[in-house]
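What follows is one chain in structure tokens, specifically the form predicted on its own.
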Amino acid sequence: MNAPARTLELGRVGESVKRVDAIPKVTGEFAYSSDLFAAGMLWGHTVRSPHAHALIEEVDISEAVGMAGVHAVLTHTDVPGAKAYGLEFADQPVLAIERVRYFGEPVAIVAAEHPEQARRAAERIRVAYEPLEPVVDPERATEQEPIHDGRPTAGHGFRDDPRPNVVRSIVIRHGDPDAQGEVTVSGVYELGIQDQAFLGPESGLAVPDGEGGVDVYVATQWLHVDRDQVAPCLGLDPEQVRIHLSGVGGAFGGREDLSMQIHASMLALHTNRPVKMVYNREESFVGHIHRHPAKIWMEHRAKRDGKLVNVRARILLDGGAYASSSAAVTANASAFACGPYAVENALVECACVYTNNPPCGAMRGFGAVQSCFAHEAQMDKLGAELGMDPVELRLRNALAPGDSLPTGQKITGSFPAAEVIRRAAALPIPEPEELPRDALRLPGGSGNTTRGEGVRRGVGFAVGFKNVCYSEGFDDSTAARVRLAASDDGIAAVVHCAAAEVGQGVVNVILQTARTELDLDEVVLGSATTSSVGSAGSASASRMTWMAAGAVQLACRAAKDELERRGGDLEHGETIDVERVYHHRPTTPLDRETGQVTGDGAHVAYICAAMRVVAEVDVELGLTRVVWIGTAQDVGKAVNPQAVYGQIEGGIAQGLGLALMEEIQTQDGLITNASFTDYLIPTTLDMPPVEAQLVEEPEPDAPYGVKGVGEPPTVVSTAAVASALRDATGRQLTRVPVRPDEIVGLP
């Protein structure tokens, strides 16, 4: 990362600060959830469906129950409370009941003294299935038999769509959707299923408290919503279920949904012993949701001077077997379909459907990634048709504060779209390297399959945007608690916040905020748990920096006010303990028929980024190499600039992976590449130098003017890399990841 050198300080807002978890993670001493241990613990294992769609005729556990070391074998009949759960809609059974709807769906769970005993017992459970025709083609899903009884997502304020297997559909009509332009370009774009590919597979430990309750130690993104799903299924009150955040090895949206939380808790309460569950990598591929694959039809109509007149889009998302957060992903894909451009007329139709493919939900940039790939390909195509520079075309249409989105919402606050475009475009690109050169610096890398004879160079550009925080009327809030006490050096503070540290650096944000507000150096962060503080919401939607900073700021100011009321000092043993809840300004739902805002706006604020990519492509062999990436990003106010640069680089890596190599392959709903041998992710050899510029225009309504920074790099980088490949090859390249056979040869 080519970032300016910065001095590491103790830690106030705006200073670059060392990550508190950096050294233990680098040295291997950091304790992840898979490292948990409790005396006398058992090991849990899950029996999963080998079918994507089938009826369950019988589950025979008799052989498994009598095996040595086995303490429990449970099926859906043993679920003590509600039989189903879900992040937004309770459409997913704890353990399959009568039917399985996706490959890998949990059917039974086992607890044994040793993980190998649990695995062998699971193999002895006999499940008789009657395979059903799987619904795997999202384009046919609305014409096939429904895979769920009833309509699980109906009646939640969404547009009424009576077709089978519809999770949610949205239609946005803006201005005159039939308005004509002088130039028209159209295309069809597709994206495959991307996995979050986090370092740590799903794992955790459930410990019964001896009084009917349970403590669950787990890697998650939202402690309190986990509790609110787990407790009803266990038949317990929320206070009897305590969720504790354990070391998280990456998340990226894949830990918003439950994995082993209910299963381990059931086994622990049944056996009255602690139970640990750790998925292997193959199991992890079916143990969490993925990025929605999409097919997008898009048409842009413009004047000869490049000004957009009308954008028409039709978006189809495959939600897989259960709803997860598909409703929110559908809303985002729709809202951002036209890109960060001022468009007076638009028609956007978007639908997400149930299928028997792997369940999909939140992944970094959810919904906006899919739309950005399509609208930026269209802008490149429009620029070529007009003979106009792609950067100039984007500047001519860039959204600015005061402009309206196709939903009718006006851009308020900071939104420097034109500035990020200019700043990214102004970054000097590296000169071409002469041949011959080291194989590592050629497409194909260490494979040494080319010497550069068929290599062409391309330069691509893309810009995209996304919302910050929750939307559409969701009551978004975060709680923080501050405790002040006398210490040998004066006043010491302990801060409690249930914000999930998933690798993004929110721990530093909390501590920097507290030190800034309290003007203290002696600040300690308490452990994140549901029993010590109210909900922080999810570490998602680019919200955590904004919301955690707001909550900690409120709590610190309340504590400081109380300290001043007491004369500015505390006696030994005297404490101040306050908790405050921060809310951003309210949002309102979209009109279910027109897709227009019904109040002040569906979103709180927006973030944008622009990116320039240099790539080399061997057009004879289909090999690619990303040479350099330059980006400018709207960050509001950087709380910890060094961490922001790290987030930009990490986000780019995931977008590059989607552009070039990452795709879950399925056959009739079955995942065929559930390993990091067959599912490829970028390595250090695939990542180019990244030159990033931070555009700091504070958001007026946010604490310190902050914005989230983790998602825009992923939103934009897939589109930018694909743009560079098009420039190098002259091919349309309308699908990602781009395959070698789509590159080979001349257009």
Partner chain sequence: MRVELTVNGERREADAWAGESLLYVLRERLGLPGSKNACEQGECGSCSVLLDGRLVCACLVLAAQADGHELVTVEGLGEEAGLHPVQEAFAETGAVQCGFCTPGFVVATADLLARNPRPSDDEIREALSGNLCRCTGYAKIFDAVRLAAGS
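Residue numbers count along the first chain shown, from 1. Predicted model, so just to flag it, every value in this text is computed and none were measured.
The same protein has a further form, the form predicted in complex with the partner chain, not shown here; the description that follows concerns it.
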Inset, instruction - Report whether all of R126, Y129 and G212 sit within 4.5 Å of the partner chain in the predicted complex, measuring from non-hydrogen atoms. - result: no
Legend entry - Partner contact for Y32 in the predicted complex: the partner chain, 4.5 angstroms, heavy atom: yes
Inset, instruction - May I ask you to state whether Y470 is within 4.5 Å of the partner chain in the predicted complex, using heavy atom distances? - result: no
Legend entry - Close approach of Y354 to the partner chain in the predicted complex, 4.5 Å, heavy atom: no
Inset, instruction - Considering only heavy atoms, tell me if H375 and the partner chain come within 4.5 Å of each other in the predicted complex. - result: no
Inset, instruction - Could you spot which one of V248, A479, I411, A313 gets a heavy atom to within 4.5 Å of the partner chain in the predicted complex? - result: V248
Inset, instruction - Sort through H603, K276, K560, H496 and report the residue having a heavy atom within 4.5 Å of the partner chain in the predicted complex. - result: K276
Inset, instruction - Can you check 263-271, 652-660, 223-231, 560-568 and let me know which stretch has heavy atoms within 4.5 Å of the partner chain in the predicted complex? - result: 652-660
Legend entry - Residues from 481-503 in contact with the partner chain (non-hydrogen atom within 4.5 Å) in the predicted complex: V502, G503
